Every structure is written in structure tokens, then in C-alpha cells.
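Take a look at this single chain, the form predicted on its own, given in C-alpha cells.
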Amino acid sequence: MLALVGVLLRNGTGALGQALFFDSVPPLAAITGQVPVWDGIWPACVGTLSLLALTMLLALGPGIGCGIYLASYASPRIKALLGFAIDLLAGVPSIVMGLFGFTLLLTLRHSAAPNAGPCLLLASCCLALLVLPVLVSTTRGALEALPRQLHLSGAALGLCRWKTMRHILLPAAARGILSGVLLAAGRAAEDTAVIMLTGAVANAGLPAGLTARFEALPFTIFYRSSQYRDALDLQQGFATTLVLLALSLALLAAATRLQRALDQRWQGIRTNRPTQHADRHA
């Protein structure tokens, strides 16, 4: 890992700067969209963040919900069937998921939507399917790893199964669930095979909508490293890799901070709850 980061720093640090992001366009005009940026990576940064936000919006509900269902509500038969399906989906390579999205696009063109094309929404849907098994497995594992006493404490307090899940089990398992969310976000942010078949292009500018093509940092790295015209292009490809790593580290730092806040809140709930019950009985 240190050798890899060292190579990236040695080859890409020299290209870091305003020109890498905005080229010759004034930063304020580029950020507000008044002047398009064609040779900088600012549109790719915005496209990556848009893709990541839409992917997690589509995947979080079904992924965490399915994990909760498998951990606490499903029968043994359903657990076996859904668990097998999730394992199969987890083993699908990203290029196959990209081909699935491309085939879905062709099907739509020949049936319900003749004008359908590669776009941000299609890429987000395919990435959501790609990261769904991570969310399901980590949520299920975090809930099943909780001690049995937490389940019994909810029943002893007279809480129904859903209230026990909401007020006791989910806060206790929040750290593990958040780790799964972080893993899913990291994979969605770095995947290239899916987006290159479902909507990512080299020069699209800022995302114009859900049905428009877009730029993304992983595809920009692939394009610049394989189609570079001179040493500066290749150096900017290394610098773009550093930007993507910085984005991943920022997500990790945010998740770590949120995990600490959740731990402190959960510890506060556990220490205050006996006092509250004692006051209530008094």
C-alpha cells in the first residue's frame, strides 16, 4: 500500500492544482456552471458525487431493509433462499453488471422507451444492484452478532418486535451497518466497468439531469491513462487518482466521525435508561 501511494505521489503531485480541476476557466464560473470545463476534472468530480449520491439513495433502503428482514423476521427457508440469491449477486463481476445495464437499455429501446440512452440514472441503478449484497450482508451480520440479552430486554420492557428493533437493536448495530454503507459507497465511487457501459463519457460537462450522460473520476483515470497524448496528460491521470483517493479518505473520515457520535449516543442511552426507569417507578 505504501509503495502504491508512493508511486502515485511521485507521478501525480506535480499536476495537482487549479489547472487540473478547471483548466483555464475561472473557478467561480466553473463551479456555478456559467462556463463549461472541457479539459479539467471538475465535471468528473461533480459527476462522481452525483452518481454516488443517487446510487446510495437507491440502494440504502432495500439493502438495509433486506438485512433487517433476514436477521429478525424471515423463516429459515426464506433465509436460505434469499441468502443464496444475495451470495450469487455478490459474485457477479462488475463488467457483467455493466452488460446487464447495456442489455436493459437495448430492451427499453425496442419496447417502452425508443429514445432511451446511457445516462446517470441507468448507471446508478446498475451500481445499486452491484453494492446491494454488501449492504444486506453487513446489516444482517451486525444484527445477528448482537447479544441475546438485547432482544430479551426489549421484550421485558413490553416493546413489540418493531419497537425493539428500532429503539434497541438498530442503535446497537449502527456501527456495523455504517461500515457496510462505507464499503458500498467506496465500491460505487471507484467502479469503472459498469459506468463505461451505461453512461460515462470523456467530455460531457456537468451532469445535465438523470437522463443525461456524465463524467466520473474512475472513467477519467482510465481514459487519461490509456489515451494520453503527452507526459502532462499521463501526469494528470496520476493526479486524478490522488483526487479519487482523497475522496475515499474523506468518506472514511466522515464515517469514522459518525461512528464515534453513534457510539457516544448509544452509551449515553444505556447509562441513562436505568435512571429513567428508576425515576418512573419512584
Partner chain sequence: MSVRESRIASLVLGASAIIVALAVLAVFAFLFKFALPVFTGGQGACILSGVWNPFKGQFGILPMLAASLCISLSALLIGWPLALGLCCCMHGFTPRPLGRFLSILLRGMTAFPTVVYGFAAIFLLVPVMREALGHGSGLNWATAALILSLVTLPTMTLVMDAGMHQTERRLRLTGAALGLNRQQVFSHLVLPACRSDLLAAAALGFARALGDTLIPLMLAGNAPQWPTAASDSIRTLTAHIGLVLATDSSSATYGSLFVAGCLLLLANMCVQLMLRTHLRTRGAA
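Here the structure is a predicted model, which means the values were calculated and not measured. Numbering follows the first chain given and starts at 1.
Although not depicted, the form predicted together with its partner chain is the subject of the following passage.
Open item on the list: When the contact criterion is heavy atoms within 4.5 Å, does L245 count as touching its partner chain in the predicted complex?
Closed with: Answer yes; at least one heavy atom of L245 falls within 4.5 Å of its partner chain in the predicted complex.
Task: is_contact(L234, its partner chain) in the predicted complex, heavy atom dist at most 4.5 Å - done: Answer yes; at least one heavy atom of L234 falls within 4.5 Å of its partner chain in the predicted complex.
Open item on the list: How about R77 - does it come within 4.5 Å of its partner chain in the predicted complex, if we only consider non-hydrogen atoms?
Closed with: So R77 does not count as contacting its partner chain.
Open item on the list: Please determine whether L249 contacts its partner chain in the predicted complex, using a 4.5 Å cut-off between heavy atoms.
Closed with: It does: once its partner chain is placed as it appears in the predicted complex, L249 has a heavy atom within 4.5 Å of it.
Task: Interface residues of 80-95 toward its partner chain, as seen in the predicted complex [heavy atoms, 4.5 Å] - done: The stretch touches the partner through A80, L82, G83, F84, A85, I86, D87, L88, L89, G91, V92, P93, S94, I95.
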